[in-house]
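A single chain, nothing else alongside it, follows as structure tokens in the form predicted alone.
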């Protein structure tokens, strides 16, 4: 039954969140350096350091620290930043309006580039058009985000003066100035991912082109464009959507480098600064938010695929 499939997905989602929280807590906790020493300096007196460690709860056993932190997550209390003396949730809320649109726009741009070019390459298999597109895919895959970002800045900011080289004016300055400052980071994030997605689209178009329903459509005299739009792409979109769900993880992770390179005050730059400053509550809070977002997005995509494809639904119902 459908309810059983949904229940299994929710239980799995909860398990992933718990596992992610444990991994994040342990990884952050074993980072080198003492937060108290970093905050007070190496010349601080031992009794002062011990008092601060007690205040921060760093003198408690790891299991106590974890459950204290995890219970706070349930209450949406991510703790207080050691550096800014501000609730972590407040810092996250201030930076989400930058990172969230950047990741979302990058994913949309990825689809807008990948689906048309991948479909065209699949329809023109082994032709000159296909070879050109595949060469472009290989080049895009080989380009690191940060190198592409530098090239884009040199061309569009330094040489042509069309777009800003970095910074963010804020949404209060207007929609276009804000979006304009995100265009170069968005392209730097989207191009490598578009190359990956285009290869998937191409493979699916080639595979679906051999199906009986496509051969029947051709026998009825439908044009290649009509066959592509009505028959091939709708049946090819399920694996494409699954890959796009996985790409959200790469886009979110890529914001750490891109936001730092473009001086964007988003979540990526926040966690980068927090790692340098050994601000554990911020590191754990932002990392949990990013990992949780990826888990949630992939679970939604997986659930949507289950609801769309009856074969997946029956497979889930057949599980003991």
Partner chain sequence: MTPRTAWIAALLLAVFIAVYAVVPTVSEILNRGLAISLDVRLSPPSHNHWLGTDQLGRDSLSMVVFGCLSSLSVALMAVIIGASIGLPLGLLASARTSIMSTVILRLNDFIFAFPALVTAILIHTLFGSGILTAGLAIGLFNIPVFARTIYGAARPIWTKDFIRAARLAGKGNLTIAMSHVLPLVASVALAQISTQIGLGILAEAGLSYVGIGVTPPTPSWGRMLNEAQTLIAIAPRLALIPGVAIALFVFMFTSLGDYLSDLADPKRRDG
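Nothing here was measured: the structure is a model prediction, and the numbers come from that model. Positions refer to the first chain, counted from 1.
Beyond the structure shown, there is the form predicted together with its partner chain, which is absent from this document and is the topic of what follows.
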Next on the checklist: On the criterion of a non-hydrogen atom at 4.5 angstroms or closer, are 160, 241 and 244 all touching its partner chain in the predicted complex?
Outcome noted: no
Next on the checklist: So its partner chain isn't shown here. In the predicted complex, which residue out of 128, 175, 142, 74 has a non-hydrogen atom within 4.5 Å of it?
Outcome noted: 142
Checklist outcome for this item: Picking from 229, 151, 183, 108, the single residue whose non-hydrogen atoms come within 4.5 angstroms of its partner chain in the predicted complex is 151
Checklist entry - Going by a heavy atom distance of 4.5 Å, is residue 281 a contact of its partner chain in the predicted complex? => result no
Item to check | Touches its partner chain in the predicted complex: residue 96 (any heavy atom, 4.5 Å) | outcome: no
Checklist entry - So, in the predicted complex, is residue 49 in contact with its partner chain at a 4.5 angstroms heavy atom limit? => result no
Next on the checklist: Against its partner chain in the predicted complex, would residue 171 count as a contact residue? Criterion: heavy atoms within 4.5 Å.
Outcome noted: no
Checklist entry - Looking at 232-240, 85-93, 119-127, 218-226, which lies within 4.5 angstroms of its partner chain in the predicted complex, counting heavy atoms? => result 119-127
Checklist entry - Counting only heavy atoms, which residues in 159-188 are within 4.5 Å of its partner chain in the predicted complex? => result none
